[in-house]
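Shown next as structure tokens: one chain only, the form predicted on its own.
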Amino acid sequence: MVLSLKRNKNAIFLVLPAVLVSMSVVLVPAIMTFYTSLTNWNGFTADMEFIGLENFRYLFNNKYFWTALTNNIIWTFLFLTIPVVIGMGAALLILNRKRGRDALQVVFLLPYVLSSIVNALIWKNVIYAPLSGVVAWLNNTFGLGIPALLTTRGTALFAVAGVDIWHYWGFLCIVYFAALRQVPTDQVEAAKLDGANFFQQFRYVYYPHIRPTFLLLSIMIIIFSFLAFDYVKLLTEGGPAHATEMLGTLAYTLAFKEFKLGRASAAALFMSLFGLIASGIYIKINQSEERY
């Protein structure tokens, strides 16, 4: 009994610093953000007028909030499909390569290690430039009639997402590849001897082993999708005509252009809400799998 109490005290002592850090950099700002969302505050004066749920009512009646929320949902769907398929496909391809595998991993990961500003400048000035970019060259050479992707409402969101997908899929590829390498080779060889084709091997051998990694990355994608900000801000700033408006850019505009910190905090809470929902789903799935 004494030994058990001593172990519990040691465990608490070891965990306490991490708990205190989390409370100081996560919990306290979260409480402050929640309180700020209930006030009318410009961020400069000390006066914070308590107005209850007025900021949330403002967002619900603001069409740009619903535009931003819709764009975030579309963004999430795009990132749960395109980079996942590309990353997993590339990981499976390099898994069976013996030569050049390390070099391919470096090439795939290069866009991810470059800063957001560098990636955005490359695509904005080299690919999307309306007069001298690759898209303009394709139009002039083949007469494709591709519109100015970043300044056309129907294409702007997908054009920005394309840049972020290009930046992100290599990271997914490397993580998937690391997980695939942990699959026991004897099970793979047994599946091949049984006549399983490539898709059957993936479904019945590879995927069950990498499922925890796959689920974790999917939850991370959902969380990061609702935090999307940098590429939208760098490429379009939410335009044209709010076509690429996201919850992150809306909160930025409310906070630093309109100086409505209460409304910005309310928008930020919605961003966090979807992340909490995704995290809760992940924990629930893990608990269900542990029971079996």
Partner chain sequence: MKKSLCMILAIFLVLAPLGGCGDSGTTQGSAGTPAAGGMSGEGERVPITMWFWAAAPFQRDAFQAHLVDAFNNSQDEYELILEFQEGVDDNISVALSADQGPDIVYGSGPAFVGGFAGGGKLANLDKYAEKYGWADRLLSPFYDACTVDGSLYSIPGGLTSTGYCFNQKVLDDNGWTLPTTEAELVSILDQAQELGMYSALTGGKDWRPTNELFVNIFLAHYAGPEVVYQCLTGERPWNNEYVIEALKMCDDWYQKGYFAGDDYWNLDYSEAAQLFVNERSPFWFGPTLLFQFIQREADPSQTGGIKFANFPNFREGLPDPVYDIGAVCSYSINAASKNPDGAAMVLDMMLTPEFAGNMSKAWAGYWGIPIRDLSNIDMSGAGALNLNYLEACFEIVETVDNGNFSYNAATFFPASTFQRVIDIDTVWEGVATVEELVVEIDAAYKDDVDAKLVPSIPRTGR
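Here the structure is a predicted model, which is why all the values come from computation and not from measurement. Positions refer to the first chain, counted from 1.
Below, we refer to the form predicted in complex with the partner chain, which is not included among the displayed structures.
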Review point. Is the gap between P130 and the partner chain in the predicted complex 4.5 Å or less for some heavy atom pair?
Key: yes
Exercise for review: May I ask you to check whether T151 falls inside a 4.5 Å heavy atom distance of the partner chain in the predicted complex?
Suggested key: yes
Review point. Does F60 reach the partner chain in the predicted complex, with heavy atoms at most 4.5 Å apart?
Key: no
Check your understanding: Taking 4.5 angstroms as the cut-off for heavy atoms, does E237 touch the partner chain in the predicted complex?
Key -> yes
Review point. If we take heavy atoms and a 4.5 Å cut-off, which stretch out of 117-125, 176-184, 201-209, 71-79 is in contact with the partner chain in the predicted complex?
Key: 117-125
**Study point:** Contact residue in the predicted complex, from W66, F224, F259, F34 (heavy atom within 4.5 Å of the partner chain)
**Key:** F259
Check your understanding: Though the partner is not shown here, which residues of 13-46 have a heavy atom within 4.5 Å of the partner chain in the predicted complex?
Key -> G43, F44, T45
